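The chain that follows stands alone, in the form predicted alone, written as structure tokens.
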């Protein structure tokens, strides 16, 4: 693949923008020579303005989403993409959120330009556990855990029962809920169904992945060991394996 096309696919501009970068001598080989738009080079050997390229196609990003941001690409409000390099939204394919956290929910959000992996992560047949910390408007009664774990609970407007969920009480108005599905506003609706109201919600883990010490508003690319842990989690859930390509021009 020609350099101009490859860099354009990574969001460094359109083909003409990349050709201009090359003509200005801003695209170089790691060995020091200038690269032309029609050249080919290995991803890791290409520098733009002296800096290595962003990750190649197939990258998976973990973002610690703050409350107040939405996961859309087009709403007229604060988008999670404001927390990422602008190039990520110009990549082809675009870096898209794998599932959503609503505006008022903070925590772990995965984004990827790998369409099949995104579909796998968001599929209702992929029962990866998701852990949420919820702050509540009223004290817990004490029977919520049994209700959530019953496998018979139904949300208003839905015919199918919820999968069993695990509730850990952390305080009178503080609970941790582990789900294996992801219905619309599920945690908020579950607590509403038992007469309570969620005042703050935070997702701390998804499958084998956890935020750890990643600060709010920051992001990082998943490492190979984390991708392998994700593969293992899919395998243990009876889902087909996936591969994350590391393409080069």
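Numbering follows the first chain given and starts at 1. Not measured: the values here are computed from a predicted model.
Keep in mind that the form predicted in complex with a small molecule is not shown, yet the notes after this line are about it.
Of the stretches 23 to 31, 219 to 227, 181 to 189, 39 to 47, only 181 to 189 has residues with a heavy atom within 4.5 Å of the small molecule in the predicted complex.
Site annotation in the predicted complex: the residue of 101, 110, 165, 136 reaching within 4.5 Å of the small molecule with a heavy atom is 101. Think of it this way: in the predicted complex, the small molecule has a heavy atom of just one of 201, 61, 35, 55 within 4.5 Å, and the residue is 201. Taking non-hydrogen atoms only, residue 88 never approaches the small molecule to within 4.5 angstroms in the predicted complex. The small molecule is not shown here, but in the predicted complex it comes within 4.5 Å of a heavy atom of residue 105. Within this chain, residue 81 is remote from the site of the small molecule in the predicted complex, having no heavy atom within 4.5 Å.
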